[in-house]
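The chain that follows stands alone, in the form predicted on its own, written as structure tokens.
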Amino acid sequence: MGYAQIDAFRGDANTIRVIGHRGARGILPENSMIGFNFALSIGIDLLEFDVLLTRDNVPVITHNHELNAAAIRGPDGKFLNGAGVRVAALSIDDIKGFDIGRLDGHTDYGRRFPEQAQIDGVRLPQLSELLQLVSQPQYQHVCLMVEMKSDPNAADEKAREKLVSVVANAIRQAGLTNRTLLHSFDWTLLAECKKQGIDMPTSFLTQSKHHADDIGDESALHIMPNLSTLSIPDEVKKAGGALWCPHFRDISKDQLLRAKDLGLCVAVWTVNEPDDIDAMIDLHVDAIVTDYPGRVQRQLSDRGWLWAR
């Protein structure tokens, strides 16, 4: 089955699409409404972000199951420390008490993003807030790449069923199924989308196990299938995927060509440094996921490429 929203992520002879990763994490608080608004304001019409469920089953936009102490302050205004607080243990009212507007520059994670603005009073958003934003008429061309995160402490069938059902229902109620991809490292979770008959295409994230995890980001390696001896594009196609999203260091020209032969759209993650951006442009992937959408726009522009149609 073909999906119109896949075409929004697909490049062409003159175009490589740009996907704002967690909004524009390099310069504004990640997975925040201010970051999403900024990305939209500079002409980025593809957004990638992470969704977890609270204790009371409210979908919220944040990456780690255990809140990232380097990026989150409690109601007392201090960065979290000690044993991390798990999103699944918090109610939505609890979540509203956290501030995600600053990074702790004394941490390894904080040092990864020295240009990120420091803003007080930024709250961890509910999925419904972003869906409401992009439902406005001026954003009718915006499409979403919604990464559903399996909880390693509850990666069972019932937990997957609930996550898929709650997230899909929220998107359906917002009238955005025709502008959304369901995206995950957990291929079993993506199979659950098919099992439930969710009418949205699936996007398969992959990462080679020999790559170190990014500092401060929760690992997904434990949840992925073992693909080391297989043709990953073929496995994505076999699993019903419409888009393959590999780590940018994992893709070769041959793999890209095979994916294209299979009709897959290919978006690479997360590409931030100028040399790496150029390498992905040279490869001519469909789309580039980046924490610095302005950097990618600039390099595409300088080389005569488009990023929007």
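Small disclaimer: the values here were computed from a predicted structure and weren't measured. Note that residue numbering begins at 1 and tracks the sequence as displayed.
One more form of this protein exists, namely the form predicted in complex with another copy of the chain; it is left out here, but the text below deals with it.
For another copy of the chain in the model of the complex, the listed stretch (202-210, 172-180, 232-240, 110-118) containing residues with heavy atoms inside 4.5 Å is 110-118. Think of it this way: in the model of the complex, another copy of the chain has a heavy atom of just one of 69, 251, 60, 34 within 4.5 Å, and the residue is 34. For the candidate set 268, 51, 28, 265, a heavy atom within 4.5 Å of another copy of the chain in the model of the complex is found for exactly one residue, namely 28. Although the partner is absent here, residue 7 is not a contact residue: none of its heavy atoms lies within 4.5 angstroms of another copy of the chain in the model of the complex. Using a 4.5 angstroms limit between non-hydrogen atoms, residue 102 touches another copy of the chain in the model of the complex. Another copy of the chain in the model of the complex is not approached by residue 257, whose heavy atoms all lie more than 4.5 angstroms from it.
A residue is said to contact a partner when one of its heavy atoms sits within 4.5 Å of a partner heavy atom; residue 3 fails this definition for another copy of the chain in the model of the complex, lying far away. For the stretch 289-309, the set of residues having any non-hydrogen atom within 4.5 angstroms of another copy of the chain in the model of the complex comprises 292, 294, 295, 297, 298, 301, 302, 307, in sequence order.
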